[in-house]
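For reference, the chain that follows is the form predicted alone, supplied as structure tokens.
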Amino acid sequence: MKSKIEKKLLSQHQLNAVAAGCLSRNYGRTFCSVVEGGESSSCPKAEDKTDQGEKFERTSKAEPYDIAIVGGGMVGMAFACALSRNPMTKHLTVAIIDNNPALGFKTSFKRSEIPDPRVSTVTPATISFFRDIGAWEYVLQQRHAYFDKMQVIFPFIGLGLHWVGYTRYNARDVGKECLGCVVENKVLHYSLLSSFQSGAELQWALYPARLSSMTVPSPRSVSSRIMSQLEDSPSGRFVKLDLSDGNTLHARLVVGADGSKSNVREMAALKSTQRSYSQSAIICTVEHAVENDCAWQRFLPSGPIALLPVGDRFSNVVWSMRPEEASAHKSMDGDDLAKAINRAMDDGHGPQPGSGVLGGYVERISSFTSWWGPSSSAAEPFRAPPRVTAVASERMVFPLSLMHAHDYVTRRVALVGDAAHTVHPLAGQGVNMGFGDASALAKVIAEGVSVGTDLGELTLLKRYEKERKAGNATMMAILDGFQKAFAVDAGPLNLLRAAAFHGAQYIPPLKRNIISYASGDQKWPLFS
């Protein structure tokens, strides 16, 4: 799937002409990745012979869109793909609003390139969703790294003790082939775009612009003069969206997939709870002398560090720490940063598990849990992470925060992904929660279409919120609790915490439950 990158954009009148052609219900499959000259790379041309000016006029008289998706990133495109693959929703008209030029053309990747530091760890539930919407086959054509093992390390230094506890997880514990797959974000996005191009039956158009304002009309008002000219259009059924390029659109439903600083959330007056973690994460791609086949995480006093396999002897590092420390590490020499990562992951943290008195005591106590059933990973010994030989990519730093919208929906507006919630990256769950939102909202809309419900009806959208909000809140509370628990540096608490997590290594039902919950198989973290 390697094609030359085209960076071509439409003028305003040309974009409107293409949008007009794509709005026509005479065309089945339309993918309007707009290119220079007023044509779409794979959108059928309008059959009329009118000039550009006449086509522009026709655009202003076109029907409103069924759905406007603000944000064409991974979650927004996953939602669009889900709509296009469902028989009940594949004939909807959709506008995608995003000024990211990558949405207007195909791109290509070379296996020889250094992996991008921006990656996601997708769960088995997300992989299943990608298969359903036809995107996973494109991921498999690019670099990706399945992993079936994970080791979480809890060092303890204090009270005269120097000890390392750990818990190993194995996909075999729950009868799975993998615990997850690490994929570069650009590959996930490319795969979603490719799936959309190859199989979309949606009638849609891309607007490379930003959302400037949004007006959600009251049920008894007519939103604008344009709306009053539309035939058979009951008042109050459309949201008016003004874009930065001068376009004005109307849609029955607006889906905010525009990230943590969502304009849709703000313009819809959907309140949220937000809190800074006073931490930043530094991310980069590192290289090993051997292949890494395991996901590693180590909890340190300054914050957790993760080493995730990417493939081709590369791994991704996500290291949380105080902002000033992150800035200092970002400016380090490559060799010095590699040494710092090796030290954080393994070096200088005392004896390995099993060699200390405390470790042996925990294992003897945990041996009484064998009646709960076998665990493949319980018998696996501690492994030291592979050493980093070089920092291979640029370093990137971003602040960490928690945000959760009080409501995911209001009349004619729904939020998905980071627009509705942001979490600490310590378990890699953020993007998986977003994909879960996209899948759930698409299914709810399909159910509404099947019975003739208005897409923007609040009672319909509340069904999506009910399905997703409580589960997301639970996951956020667990991750936030982990972050808070390890942020406290007190001797007795550190000892109890490390011993408790190390004891989980020998409790099969607990480990199976943790794996199932993190994989997206269970909505609630309860014993099963």
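Quick note: we count residues from 1 along the sequence shown, nothing fancier. Keep in mind that what you see is a predicted model, and the values were worked out from it rather than measured.
A second form of this protein, the form predicted in complex with a small molecule, is not displayed here; the remarks below concern that form.
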Q: Using heavy atoms and a 4.5 Å cut-off, decide whether Asn100, Thr121 and Gly259 all contact the small molecule in the predicted complex.
A: yes
Q | Proximity to the small molecule in the predicted complex (heavy atom, within 4.5 Å), stretch among 139-147, 169-177, 69-77, 85-93 | A | 69-77
Q: May I ask you to check whether Thr389 falls inside a 4.5 Å heavy atom distance of the small molecule in the predicted complex?
A: no
Q: Look up in the predicted complex whether Asn432 has a non-hydrogen atom within 4.5 angstroms of the small molecule, and give yes or no.
A: yes
(Q) Taking the small molecule as it sits in the predicted complex, is Gln279 near enough to touch it, meaning that at least one heavy atom pair lies within 4.5 angstroms? (A) no
Q) Is Ala209 a contact residue for the small molecule in the predicted complex, using a 4.5 Å heavy atom cut-off? A) yes
Q) Of Val444, Ile283, Ala344, Ala326, which one comes within 4.5 Å of the small molecule in the predicted complex, counting heavy atoms only? A) Ile283
Q. Which one, Thr215, Asn185, Ser302, Ser272, lies within 4.5 Å of the small molecule in the predicted complex by heavy atoms?
A. Asn185
